[in-house]
Ligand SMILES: NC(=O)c1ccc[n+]([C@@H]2O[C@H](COP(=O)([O-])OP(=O)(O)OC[C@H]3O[C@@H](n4cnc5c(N)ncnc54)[C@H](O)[C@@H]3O)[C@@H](O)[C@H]2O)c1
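Take a look at this one chain, the form predicted on its own, written out in structure tokens.
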Amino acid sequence: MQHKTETYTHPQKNREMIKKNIQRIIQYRMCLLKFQNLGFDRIFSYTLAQEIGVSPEQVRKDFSQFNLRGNKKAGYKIQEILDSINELLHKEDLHKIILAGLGNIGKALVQYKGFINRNMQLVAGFDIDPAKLKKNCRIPVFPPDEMARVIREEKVVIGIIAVPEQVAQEICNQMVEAGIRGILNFAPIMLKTPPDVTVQNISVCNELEALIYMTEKQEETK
């Protein structure tokens, strides 16, 4: 008697795969909005594929995975796909976010006007520098020991960390203990979190190093 062998997927690998798929869905949405603004009401998978840089099969696979329905032979109705993606990404909900660290990166994020266009709102910032607490800011700024209270009162589940490396893990722990379940991390450190907390690391230097490698690789093949 043959026993069926089950394929085991490591949770972290599965999470990374889902993240890549969602990133493509977000890219599809941007392209759909572009073509809708140009006056189109339908689009084909091969058109989206050309815009994103994937195969038409990948587009259809992504659509199928997230139950984005359409008639591939007659073209997908742009508004119907947009409505489905918006529902998938909870675009109708206001997503409250907190920010730890009001240094250069933090200040730039506070000034960024793109959040509101995507139904995101920075509701509070946190910093240990008393001078920053007194300055006029687009958002209220509190000392870190107020973080748990603000998270609970505002019902926040997403946090941004833009503090120095030495205190990033401590701030992360505070966020997680208070109920944060998703963290965008600008600190140059791999944060340790429970399995049910998702961390997205942002490193400009890492991205540039990868870009430099790919550029040099292309030069070598010429």
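The model shown is predicted, which means the values in this text are computed figures rather than measured ones. Residues carry their position along the shown sequence, with the first being 1.
A second form of this protein, the form predicted together with the ligand, is not displayed here; the remarks below concern that form.
- Segments offered: 59-67, 159-167, 193-201, 35-43. Contacting the ligand in the model of the complex at heavy atom distances within 4.5 Å is 159-167.
- Shown alone here, Asn104 lies within 4.5 Å of the ligand in the model of the complex, counting heavy atoms only.
- Looking at Ile128, you'd find a heavy atom of it within 4.5 angstroms of the ligand in the model of the complex.
- Taking non-hydrogen atoms only, Leu94 never approaches the ligand to within 4.5 angstroms in the model of the complex.
- Although the partner is absent here, Ala74 lies well away from the ligand in the model of the complex, with no heavy atom inside 4.5 Å.
- Looking at the ligand in the model of the complex, residues Leu133, Arg149 and Met175 place no heavy atom within 4.5 Å of it.
- In terms of contact with the ligand in the model of the complex, the residue from Val123, Leu109, Leu89, Ile78 that brings a heavy atom within 4.5 Å is Leu109.
- Residues are counted as partner-facing when one of their heavy atoms sits within 4.5 Å of the ligand in the model of the complex; in 170-184 only Ile171 qualifies.
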